[in-house]
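As a starting point, one isolated chain is supplied in structure tokens, in the form predicted alone.
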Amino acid sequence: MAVLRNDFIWGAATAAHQIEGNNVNADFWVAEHAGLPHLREPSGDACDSYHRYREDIRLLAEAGLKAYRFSIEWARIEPERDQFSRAELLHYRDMIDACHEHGVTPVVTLHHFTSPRWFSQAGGFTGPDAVERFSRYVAAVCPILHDVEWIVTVNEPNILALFSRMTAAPDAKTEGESEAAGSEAAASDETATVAMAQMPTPSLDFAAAIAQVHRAAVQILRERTNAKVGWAIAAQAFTPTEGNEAVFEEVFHAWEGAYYEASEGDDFVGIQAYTSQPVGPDGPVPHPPSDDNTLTGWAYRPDALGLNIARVWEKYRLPIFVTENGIATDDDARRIAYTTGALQGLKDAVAAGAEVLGYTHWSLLDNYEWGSYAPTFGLIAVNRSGDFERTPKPSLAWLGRVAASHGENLS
């Protein structure tokens, strides 16, 4: 008897800024060219997926995957305040059409870390008109989403809370923030991805602000589309060390709990899981150096996915969509081993009662990991020094076979 539901969704995920290339009106593009020490290289052409998305969708479909999670880039849609690009809206509509043509379900994310530079300069999501500005963007996008079944409003709002510190120009930092940035730059390969594991606890004030943005977006989407709507949380699989249970509860609430609480009434909550961290008397304990760590410096923890699903279901009873899960490695056999363990944990959580709707692997392509191309998460390699040729890895075909077996065959 199958463990997973009959309509369980299998797919892979990407994000616009990380694969499209030349997203010049985005705030992160500005940061990439500001000389920040933890952003080692700019995104540049990325994977040129702005022009090659049809090939990417075709490769995903030919492997047997049935869903593609991708993001619409706000900085392209509204490059200047109140100036909406019809051409860019039609570009993303064409991506949706390409998914349907290949029998692929589009899972559309409306905000994946990057914002128009004018929005960030006006205070971003803590600015006085953030709800109004994001709502106008969502309303502008709704007409191209009429046949989209799944919409993610905001990707990892709890990590977005930290991005403003990571991308601020040096002269915009306070003395304390400058010190923090210096210590982040000393992380193992000085990428923003590594630095996030050592960032301070996200602000609850930001959580309250972004929750208002999310709730407004959900209301608009429910009025104007027929999609299932939620947002996607970075799930850390924090675990308390002995005697530090109270600290763990505080850390969990600030990093995740406040965002799950704001998900009440949504059709689903996205969970994005990669690793696990213990919580000591001073908060999360950074991953110590180890030969077993991934290319991001994170601990190798395929069990993190199952831990997160079980915890979220037990505490919040929210329907769960695994919107990201994967590993940064240049050893594809290790990717398959990691994902096997993660999916087994997912199945165990479902067998124990959790409601899980789908799984989109991070990432479809080796892409720009917020400061560096070194961490490779992709099921497909991209020749960025040549003609952007795509080379599917064995893990892509493997995941397609897992999907074809409805998750029964993880060998």
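Note that residue numbering begins at 1 and tracks the sequence as displayed. Because the structure is predicted, anything quoted here is derived from the model rather than measured.
Although not depicted, the form predicted in complex with a small molecule is the subject of the following passage.
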Quiz item: So which stretch, 31 to 39, 363 to 371, 338 to 346, 379 to 387, is the one near the small molecule in the predicted bound form (non-hydrogen atoms, 4.5 Å)?
Solution: 363 to 371
Practice problem: Would you check, heavy atoms only and a 4.5 Å threshold, whether Y274 touches the small molecule in the predicted bound form? | Solution: yes
Quiz item: Just to confirm, E156 within 4.5 Å of the small molecule in the predicted bound form by heavy atoms?
Solution: yes
Quiz item: Closest heavy atom of E324 to the small molecule in the predicted bound form, within 4.5 Å or not?
Solution: yes
Quiz item: Applying a 4.5 Å heavy atom distance criterion, does F119 contact the small molecule in the predicted bound form?
Solution: no
Quiz item: Of the residues W298, F134, W255, Y92, which one places a heavy atom within 4.5 Å of the small molecule in the predicted bound form?
Solution: W298
Quiz item: So which of R311, H112, R76, H214 reaches within 4.5 angstroms of the small molecule in the predicted bound form, heavy atom to heavy atom?
Solution: H112
